[in-house]
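In the form predicted alone, a lone chain appears below as structure tokens.
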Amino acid sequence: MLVLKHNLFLDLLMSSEPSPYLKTITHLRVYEEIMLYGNFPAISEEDQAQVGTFLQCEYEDEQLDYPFEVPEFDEAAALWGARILYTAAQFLLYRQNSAQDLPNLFREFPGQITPGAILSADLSLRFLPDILIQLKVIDPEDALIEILENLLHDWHYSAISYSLNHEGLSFQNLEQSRCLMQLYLNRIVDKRNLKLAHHPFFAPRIGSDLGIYASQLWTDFIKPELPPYDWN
């Protein structure tokens, strides 16, 4: 059923000539690869609307595997995340703008960062760490690295696979949604992020999730002093 729904949307895209922006985002989501079609092509309102529709379909597919009550899709956050990822990918290959222009091209999200916004933006932002790694390989002093890391500091659910500075991270949004909290814990375990796993906020929760199977599921996580966490 999911494959049929996804294929129907792709068939719709193929019925007309999709924009470079739409093709990049759909290719990213389908194949988890960045494919660029031109050097900073203009993005129209129609392009934005089509990408928003596509990302909403992607969110609806993913949420079928989400636990507890799922936050509502936030189209504005999804489009912001897609635009940030797309622009960062462009800068990975093309550099026609100066470092002074970067803050204007990578502005912070103007809306409220809610659990729904975090999960919606993550549809694209989860791929941003891969771009950051490549930027560091090309030029560790690249000014764009700090800008993107600062953005991920507020959207750290998308940076669990990245060696982000965890000092000062806010986990308030996680406490507002059991769904987001559990997805965050799952991703910490999946990405084997020990630094986050041993953070006082997460350690008891992950210890409770792994339970008596912790030694089998994640040997490196084991800490005898970790107390169980009570969801009730």
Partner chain sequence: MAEDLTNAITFYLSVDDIQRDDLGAIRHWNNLMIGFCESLIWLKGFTSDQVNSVEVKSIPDKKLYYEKGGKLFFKDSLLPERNLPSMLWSPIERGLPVKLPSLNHNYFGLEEKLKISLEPTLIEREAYAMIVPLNILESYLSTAPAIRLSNISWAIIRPNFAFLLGKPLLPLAAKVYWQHQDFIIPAGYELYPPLLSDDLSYILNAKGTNWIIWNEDSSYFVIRKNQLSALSLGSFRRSMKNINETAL
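No experiment lies behind these values; they were computed from the predicted model shown. Numbering follows the first chain given and starts at 1.
This protein has a second form, the form predicted in complex with the partner chain, left out of what is shown; the following refers to that one.
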Contact residue in the predicted bound form, from 31, 37, 68, 171 (heavy atom within 4.5 Å of the partner chain): 68
Single option in 48, 63, 176, 56 placed near the partner chain in the predicted bound form, where near means a heavy atom within 4.5 Å: 63
Region of this chain that lies against the partner chain in the predicted bound form, out of 22-30, 194-202, 48-56, 179-187 [heavy atom, 4.5 Å]: 179-187
Residue 217: touches the partner chain in the predicted bound form, heavy atom cutoff 4.5 angstroms: yes
